[in-house]
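Shown below, as structure tokens, is a lone chain in the form predicted alone; questions about how it binds or moves come after it.
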Amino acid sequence: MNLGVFGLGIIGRVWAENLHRDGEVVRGWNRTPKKDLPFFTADARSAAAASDLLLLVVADPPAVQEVLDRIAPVLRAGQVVVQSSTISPEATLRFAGQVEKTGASFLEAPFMGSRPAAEQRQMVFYAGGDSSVLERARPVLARLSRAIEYIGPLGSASALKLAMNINIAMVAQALCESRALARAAGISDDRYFSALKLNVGHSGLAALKEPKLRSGDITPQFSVKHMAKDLRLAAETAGGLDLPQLKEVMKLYADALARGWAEDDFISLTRLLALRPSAARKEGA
């Protein structure tokens, strides 16, 4: 089928490149032109009109809205719009209504995995909506992932994705604070990470971020600004549910954004630990 990828950032570009290498007819659109890509199409509307399946992978609800406002006039019955940006359940339902009014079908399919997973086609998709629409999109999503989990009705997959990112942000903070304590005690990174690998607390996140922590590499696999956005959406989705640790972690991300770290990898928040005076030093001041 003819494919459209709308959003050629860290993940969307990799998806489009992989599908292009597979020999698929791919049209990629991005608000900021990507003229170096052989499949880049400058006009979103023409890309949408020519596509049977459209993948949306942009930053946030306003960005999704901008894409839909551009392409909605040419959407039609028979097309499938797969919304893979991390957004709220409320926004998912609103966008689904906008798409379905055109006659096109809508599937939410947020994903887990950063750039390395995208490059290795190891993403995990969480799908929500009509299961028959998922089956139409499955052949394409399967080429980009190692698993596709059907979650339930529209909105459920978005809620689960936000819940997963809460977990990741908190695990990352625990990893950074644990390592900071070990380093303060004179324990090397070699010793720390070898011990962690034998511990039940070791995680896929620790394996992914160990090289970055060791080298101080802050190039983004998943950026501070995007994690901060996801945590904000999670808090909004929680409504009256009390999530105290989420509130605390959000303060750290607000601090990082204020320091100009928006484009850095989210594991770079470990730098905050070196900037915060200890309680002992405060008392002795």
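Just count from 1 along the sequence shown to find any residue number. Because the structure is a prediction, the values reported are computed rather than measured.
One more form of this protein exists, namely the form predicted in complex with a small molecule; it is left out here, but the text below deals with it.
Here the chain stands by itself, but in the predicted complex one stretch of 180-188, 211-219, 80-88, 97-105, 80-88, has heavy atoms within 4.5 Å of the small molecule. Only one of Ala48, Leu231, Val58, Val224 lies close to the small molecule in the predicted complex, with a heavy atom inside 4.5 Å, and it is Val58.
Although the partner is absent here, Ala63 sits close enough that one of its heavy atoms falls within 4.5 Å of the small molecule in the predicted complex. Proximity of Arg115 to the small molecule in the predicted complex: non-hydrogen atoms within 4.5 Å are present.
When contacts are judged by a 4.5 Å heavy atom cut-off, Thr237 does not count as touching the small molecule in the predicted complex. Taking non-hydrogen atoms only, Val26 never approaches the small molecule to within 4.5 angstroms in the predicted complex.
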